[in-house]
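Next up: just one chain, as structure tokens, the form predicted alone.
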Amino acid sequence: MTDLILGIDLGTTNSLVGIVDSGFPILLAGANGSRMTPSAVYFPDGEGEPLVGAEALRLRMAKGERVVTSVKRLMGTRETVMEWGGRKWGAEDVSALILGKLKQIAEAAMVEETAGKPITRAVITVPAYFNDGQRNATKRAGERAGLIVERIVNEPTAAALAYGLDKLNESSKVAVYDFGGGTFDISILELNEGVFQVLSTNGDTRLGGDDIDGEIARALWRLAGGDGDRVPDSFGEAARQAKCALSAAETFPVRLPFYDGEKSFEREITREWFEKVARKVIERTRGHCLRALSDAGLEARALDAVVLVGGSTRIPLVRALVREVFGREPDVSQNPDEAVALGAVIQAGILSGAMRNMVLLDVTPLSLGIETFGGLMNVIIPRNTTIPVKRGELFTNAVADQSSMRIRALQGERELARDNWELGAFEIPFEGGPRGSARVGVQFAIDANGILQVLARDTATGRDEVLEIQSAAVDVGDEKVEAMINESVEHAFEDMNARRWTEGKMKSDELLPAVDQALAMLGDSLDAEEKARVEAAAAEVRMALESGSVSRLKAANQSLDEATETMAAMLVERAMSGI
């Protein structure tokens, strides 16, 4: 079966793999009978190969320092997570081992269908808020595992595919609330005639069930009389057990005999206590939900369904928050641990031709643009634009005899370039000439995987420069992503004032020399009263520039424009008559 394409959910806590078999999407179990493979890797002290999955997770209590978990949170960074085999291993390397394990599971399960040949194609899901560097790192990890990554799909979109086959009516709008082990995403999607379109997306790639575990572990450690930030691994394991148990039960006995070799801890904890400790983590998802609704231009009552994805959505308090925010009961008909993987399998089946075609239209989560003269952010692709997309604009030289243009690609929501993130920069040369004589086209292209390419072209020569963005160029933590969006709202008024001032000053800087030159050219041919009016208007522009008042500068520029209308007409007549 040469057209087999794997669907993979590369999760923070657990990962899954599946395939379309006989027209049906199925998830594949490993040798232990479980469809979920823990996203854990054990690196042995001495010789031997790394262990991946349940075998690695079992060693975490005994040899926690040799076991890597939650590595997804570090994708796209250069951080070393383990030194082993004479080299440093990063998140990308560890993820490649996990993907390789999933590939082995699939090949073992499908050995008859493939006649023992390797499966080399895959669709892999990522959080919707993964930036370009994180998406590229995921793709490279797949390639290191021997896979051709056919498509990177946003996790909420994959989940919508899973629910959409038999749960959604045509022309439906749905919220996908995805709260996993290490990441949180909320997306508002619309299904219309087989097309899934993401209307808006929000989230945090460093928020998940792991954070709840951490809060519970620290609280248990304090109950045991512990202090300091270092909490024994046994308390972390107890926290995970309590979280799972209290999703169904009202109480759970925590027993940790001789956790430090001498001391023991035993306490029965209640769901009420658990919810009190976990609430501040769970509440962090509320703001993301409200912003996603606002970005989609919808009120909660306009939604046809709210679906839950990720193991953390089994927690009753999470479901209560979703019910409160969206004003309706969430749809829990799908297995929250498997919905994303099932959607990835469906997308893989669509690409391979094994299933009927549906179209996915994702969006870019942050605006993309370049820095323009005056230090402004010129947005080329606004946030929440449907991808894949190509958009461009034509730019010119701001000063005379300029022979090159520096293209700074930016990502963010602020009005001034300095307040956004630089993705990369390069120079494009062109023939020097008068101000406004050069023509440089800049195109931003985002492919179906959400990966960006920036192209600049000198239209006179046809010469192209392409910006290749390295993963480190967008190595920004999602706390900063969240801060970016918050700051764009908090500083909207002052940012817009700063933009209006910069634009007004640029116009003044253009007007004043032109007016001085025109007055010198016309000399005595201009009526004295008219000349005085122009000079007074120009003086007011200069005083407005010193005042720092945006409204005064705007009014002064407009007055100078109006005062010079007669003078401009005289200059045009003189030019046409050849005088």
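The first residue of the shown sequence is 1; numbering continues from there. Just so we're clear, the structure is a prediction, and the values are computed from it rather than from any experiment.
Unshown form predicted together with a small molecule; subsequent notes refer to it.
Remark: of stretches 123 to 131, 237 to 245, 454 to 462, 390 to 398, the one touching the small molecule in the predicted bound form is 237 to 245 (heavy atom within 4.5 Å). Remark: Asp337 counts among the residues lining the small molecule in the predicted bound form, judged by a heavy atom distance of 4.5 Å or less. Contact check for Gly349: no non-hydrogen atom falls within 4.5 Å of the small molecule in the predicted bound form. In the predicted bound form, no heavy atom of Asn557 sits within 4.5 Å of the small molecule. Taking non-hydrogen atoms only, Gly209 approaches the small molecule to within 4.5 angstroms in the predicted bound form. Proximity to the small molecule in the predicted bound form, defined as a heavy atom within 4.5 Å, holds among Gly90, Pro232, Gly311, Gly226 only for Gly311.
Distance criterion of 4.5 Å from any heavy atom to the small molecule in the predicted bound form singles out Gly180 from the list Gly412, Gly450, Pro365, Gly180.
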